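Heads up, what comes next is one protein chain in two forms, each shown on its own as structure tokens, labelled structure 1 and structure 2.
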Structure 1
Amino acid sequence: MTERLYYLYLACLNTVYAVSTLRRAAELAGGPEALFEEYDENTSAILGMRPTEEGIRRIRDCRNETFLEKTEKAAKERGIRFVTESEAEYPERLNDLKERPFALFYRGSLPDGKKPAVALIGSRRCSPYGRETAERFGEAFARAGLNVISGMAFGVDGHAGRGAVTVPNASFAVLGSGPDICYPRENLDLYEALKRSGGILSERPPGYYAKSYDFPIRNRLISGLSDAVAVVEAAENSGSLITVNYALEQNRTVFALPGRITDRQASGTNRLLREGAEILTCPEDLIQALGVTVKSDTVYRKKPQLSGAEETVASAVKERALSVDGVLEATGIPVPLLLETLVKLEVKGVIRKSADGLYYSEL
């Protein structure tokens, strides 16, 4: 077998055992090839690893050259590639991680390691303000030449990715599932956009459906692929704070967006600021901290020319998301003109309609 297949073997076993456990086992055996030749469920007991019946079946499946060759071929046919830690294309930023994955599976492309990178993360239950800020900052970072890394989750992560994907090859998502499993399904539009211009990465092999424990584990890769982590909104128990803890272990700089003291979704970010995180009041705070110099007009999109009715509607949804009835009540514009205006503003990228039928500002 090729060296790549031995690492693929370890990556497949990673769905049964933690990276640290497998790395110890490989070292004791004398390397990935030796582990492949010697490893079975009896070895598990010797090493103190207790797989379930499902785990034992997985071990037997993985320890099969034909299975590994078919896995590699099937992935390639579906547009999925993988890079191992022994190959030059493996992201250099991950080399310092104690529990770096044996292989990364991906669709689209890998982040350009020569570009600075920021993890833009936050609450799944973000406010309209957090949603707007995530998209605006995501695009601003991408326009400034940064890679934007997120988890493609509900809320801030998904909107950060949507903002960054407007710039070619600047937006990347790290999934808890295999790279061929779009989760959540509601972000399928973003998933497809990342396949075309950006990347979808995972340490899990194709066909793997994420368990609850996979999401906090993958967070170490979100921070690990970045030079800095920016938290837009986070409650005290937010999963984003797990990423922050990984970032601190990895010596990444942490930024936090301040929020109102009465806002539950800002309690975590405000605490981060009290504990020494860098304050994030505009994209330039982070861009300049990473030593990136850009022209001021490249960070933000220029506001398109708007008619009087368009300006009125755009202003109405600036403060908070509104339904059609809410916009009607706020503006008093006749219904036929209002509906036409909403469509025009969507086309111009000034507003966006959410899945629940609310309109919110994109500027």
Structure 2
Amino acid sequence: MTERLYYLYLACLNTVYAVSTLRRAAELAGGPEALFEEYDENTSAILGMRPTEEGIRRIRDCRNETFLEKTEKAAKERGIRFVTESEAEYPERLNDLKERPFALFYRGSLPDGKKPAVALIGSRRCSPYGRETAERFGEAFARAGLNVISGMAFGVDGHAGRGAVTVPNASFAVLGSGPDICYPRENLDLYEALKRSGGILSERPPGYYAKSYDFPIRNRLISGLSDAVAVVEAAENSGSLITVNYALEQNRTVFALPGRITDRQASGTNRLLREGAEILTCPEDLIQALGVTVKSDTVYRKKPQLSGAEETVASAVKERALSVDGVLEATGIPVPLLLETLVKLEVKGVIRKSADGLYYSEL
């Protein structure tokens, strides 16, 4: 049996036992190979692996060469690859992680370790503002040559991924489930896009459906794979703050986007700022902090030619997000022409309409 399969065995057991438990057990046994060969479901308890019913079943099922071979083959057939911690392609950034996974399963590609990486995360229940900002920052970071890591969850994560996936091989998602399970299902479009031109990573073997406790565990990889963590929107009790805690443990810089004091979804990010997080008011704040120098025309799209009315409307929206009535009051352009101009500006990528009926200026 190859060395890879021993690590696959550990990754399979990882769905029941914590990484630290397995690591200690492997150490006591004298390596992954020894653990596999010498300890079955009855004797593994000696190594501190608690003989729960689930654990016994899992060891009995997985401690089987044919099963592991089959798993490897099935994954390969479905375009899922995996890299073990003993191999060179294993992301270097994860090496100093305490709870480093034994193997990473992935679809698409692994993030290029030479490129700086940023985790762009935030609340699942984000505001339209958060959603727009996540997409814009995601795209800007990707254009600047950064890898954008997120969790492909609802809200900020998904939109960050969507913004970044417009640039090839710059958007990566770390899932709580196996890499072949698209959760949440509504992000299937993003999932497919990442498969083609980015990557979907997971420490869980294919076919594994995530339990609620898998997501916080997964978060350590989001911060771990990045050089910096940027929080777009988070309430006081947001799961994103778990990722921030991991980031601090892992010695990653934390950035937070300031928000209005009245917004619930900004209370978490504002607190981070108070506690010393770096402030993120434009993509450059972070790009420069990572030591990347880019010209602003790579980060931002080229400014399109605007007509007189378009210019007036664009500058009004730039001032602050406005509803149609607001633009009307600010510009005085008659309604039919105004609606027409707003659509044209959207198509030109100058402004963006959001679900709350407000128009936001693009970066």
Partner chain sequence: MFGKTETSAIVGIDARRVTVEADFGDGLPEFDMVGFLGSEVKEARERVRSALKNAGISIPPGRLTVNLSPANLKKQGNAFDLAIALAVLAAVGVLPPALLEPYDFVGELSLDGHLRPVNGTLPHVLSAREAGKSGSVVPKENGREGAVFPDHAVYAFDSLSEVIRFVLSPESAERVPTVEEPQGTQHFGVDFSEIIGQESVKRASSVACAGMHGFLMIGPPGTGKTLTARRIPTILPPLTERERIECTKIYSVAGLLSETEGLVRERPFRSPHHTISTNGLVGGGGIPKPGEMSLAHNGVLFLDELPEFPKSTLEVMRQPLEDKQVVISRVQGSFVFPTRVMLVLAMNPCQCGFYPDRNKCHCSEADVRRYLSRISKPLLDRVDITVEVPRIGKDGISQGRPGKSSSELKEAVIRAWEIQKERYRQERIVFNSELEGRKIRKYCVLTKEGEDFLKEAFEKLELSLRAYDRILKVGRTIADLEGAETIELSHVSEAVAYRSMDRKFWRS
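Structure 1's sequence is the ruler for residue numbers, which start at 1. Take the two forms, find the largest set of C-alpha atoms that superpose within 1.5 Å, and that set is the rigid core. Only a predicted model underlies this, so the values are computations on that prediction, with no experimental measurement involved.
Between the two displayed forms of this chain, it is structure 1 that matches the form predicted on its own. Core-superposed comparison between structure 1 and structure 2: CA of Glu319 displaced by 2 Å or more. After superposition on the rigid core, the Cα of Leu328 moves by 2 Å or more between structure 1 and structure 2.
With the core held fixed, Leu28 shows a CA shift below 2 Å between structure 1 and structure 2. On core superposition, Leu339 has its C-alpha offset by 10.3 angstrom between structure 1 and structure 2.
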